[in-house]
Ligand code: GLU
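Given next, in structure tokens, is a single chain: the form predicted on its own.
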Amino acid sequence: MENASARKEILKGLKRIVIKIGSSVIARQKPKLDDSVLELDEGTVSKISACVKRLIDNGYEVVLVSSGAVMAGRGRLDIKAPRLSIPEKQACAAIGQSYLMRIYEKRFEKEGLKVAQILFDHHDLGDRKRYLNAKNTINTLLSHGVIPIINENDTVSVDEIKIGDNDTLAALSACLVDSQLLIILSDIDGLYSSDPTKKIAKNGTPPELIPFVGSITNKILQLAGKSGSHYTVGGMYTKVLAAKKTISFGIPTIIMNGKNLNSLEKITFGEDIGTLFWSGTSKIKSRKHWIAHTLKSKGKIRIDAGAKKAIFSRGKSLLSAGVVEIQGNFEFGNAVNLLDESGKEFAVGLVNYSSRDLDKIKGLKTSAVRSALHERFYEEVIHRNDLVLL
């Protein structure tokens, strides 16, 4: 169990911090309307800008990942419907994103700070060259004292290119910029032992805040639950999944209550605030983390026991002889999941064959594959350097 001194040691030497601001943190009910319409709370944005100013004055670099474009657009358009169509979401994002950035720019300018808007979709992070270009852009902004404010490009995003939710985007952004800490601002204090909206759990005990999580197990994911809100995407569940991505990259993550913004600065002193996620294990190398956590899987490959043993025990690549079944449609260079004989996922990698070609050569020895495919021949279905064990 983590204690105060351990937390200070984990958070020692911080330089760069990514802070994710959820819609629920910067939203308020629109005056003179029922609670079905929310709008951007400029007062909270002012408090955030003041907190960021203090962090910067103390020598930290800060990157923000801010939700709220769709919510702000709803408020501007007075849309009360609990669910929106894709065109309605994109329209809300279009009007809301520009308004969101205008408020951020105005409030941060009062603190003497400049901000920059950065919008991503999955294509930007899923393409290695664009990924590295984005990294260089953000590093350059930070070197000039500018606060990057990242959001998903909801105006044009559809399911195929959506990152999914801004907790995931925050985790990917923290890894992208080599942050030393991710702070996720929520509307509750952190992860609880049971549903914090209920005074007593089914076992008869009150919910308690969990100050430290060293391993994200199925039990932890069950505690996180799912979100039921129409106005925000995700909930504690997506925040815990985000923490799982960051700690595998060697980045501690804290989930805390964004309504208590004065605690932001206290975190950097090692005070016991929110839930800290940290495994203490060595991080996955940058490229392999990108393969495992940024790319979307396009299919699955089931392999036999011998191939799995070669990958696990001897660090070998996947060869066609070990392939049993292909699921989904994928192309050369896509990410695919590997399944063992029981159907359990155990790895992800970049495949050297399309699903069509791989279906032709599954189970064949390398010499037979060379004869069958000629110029399209690769010795490995997935090279070990492009393979990540989960």
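Heads up: residue numbers just count along the shown sequence, starting at 1. All of these numbers come straight from a predicted model, not from anything done at the bench.
This next part talks about the form predicted in complex with glutamic acid (GLU), which is not shown.
Enquirer: What I'd like checked is whether Thr44, Ser186 and Gly258 together line glutamic acid (GLU) in the predicted complex, meaning each has a non-hydrogen atom within 4.5 Å of it.
Expert: Not a single listed residue reaches glutamic acid (GLU) in the predicted complex, so no.
Enquirer: In terms of non-hydrogen atoms within 4.5 angstroms, which of the given stretches 357 to 365, 339 to 347, 62 to 70, 325 to 333 touches glutamic acid (GLU) in the predicted complex?
Expert: Among the candidates, contact is made by 62 to 70.
Enquirer: Of the residues Thr275, Ser320, Ser179, Asn166, which one places a heavy atom within 4.5 Å of glutamic acid (GLU) in the predicted complex?
Expert: The residue from Thr275, Ser320, Ser179, Asn166 that makes the contact is Asn166.
Enquirer: Though only this chain appears here, would Asn151 touch glutamic acid (GLU) in the predicted complex if you measure heavy atom gaps against 4.5 Å?
Expert: Answer yes; at least one heavy atom of Asn151 falls within 4.5 Å of glutamic acid (GLU) in the predicted complex.
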